[in-house]
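Next up is one chain by itself, shown in structure tokens, the form predicted on its own.
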Amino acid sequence: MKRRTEKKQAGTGRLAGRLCLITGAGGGIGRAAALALAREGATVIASDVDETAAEETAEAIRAASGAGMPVELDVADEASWEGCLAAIAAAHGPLDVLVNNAGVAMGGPLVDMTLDDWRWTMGVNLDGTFLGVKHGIRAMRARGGSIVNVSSVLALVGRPLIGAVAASKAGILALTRTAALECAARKYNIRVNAVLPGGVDTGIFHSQSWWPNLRADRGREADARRDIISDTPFQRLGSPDEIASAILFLASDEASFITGASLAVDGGYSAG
């Protein structure tokens, strides 16, 4: 990891001089968040289990004249967290913002899901966020900071075929509230909040087992996508940039009196 030559320089932007770590930054919401935070002056550590994808995000940040460095991180592995944060502290100094974004999605009926599938989903989504919160608090408790966990509107609203994902995301929401209260009680000056995306146009549904059947049943991809958004009042999917804007807000001092909150960015889906 390349050393940041100047620490906490004054600059412009809502996150000027802040050091931010984003998990799952290799694509989708994570990459959009990494770019958004960098545009606001942050030095961004783009982490991903796919080191090449992390480097591509860091390069995109640098191409836009931002400060971005990649790091490989397996969020479900505690030793990986410990090594990553130690390397960041040695090379760049104290962490200010952590965005726990890394996650996986697996669809299908509960009766067909294997225990290994369930545990894999929980391992990445819930265990990974727990480890991030645990080690993020340890890294920031002396100076304060902000943790933003990416949950899902599925934590609030039931939907068939996504039982493992919904359960893991609901766990993230409960973890967020608990961590926020613990940090406040211990006077760590660390805010912990959650963003709850609705359907986002990252293409992730293409990897779902039900997608080929839905597309075949509807006849055209456009009609299959229309089926996905049928319960969303805005009648469209969100964009990664729209979720990134919410993450940026919660990470910044504009949200200085907000902790333990959950911000739904779902086109009105959870309001119904």
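Please read all numbers here as calculations on a predicted model, not as lab measurements. For every residue, the number given is its place in the sequence shown, counted from 1.
The form predicted in complex with a small molecule is left out here; the points below concern that form.
- In the predicted complex, G199 approaches the small molecule with a heavy atom inside 4.5 Å.
- Contact between K169 and the small molecule in the predicted complex is found at the 4.5 Å heavy atom cutoff.
- Put simply, N193 is far from the small molecule in the predicted complex: not one heavy atom of it is within 4.5 Å.
- Under a 4.5 angstroms non-hydrogen atom cutoff, the small molecule in the predicted complex has V104 among its neighbouring residues.
- Only one segment in the set 133-141, 69-77, 184-192, 86-94 has residues whose heavy atoms sit within 4.5 Å of the small molecule in the predicted complex; it is 69-77.
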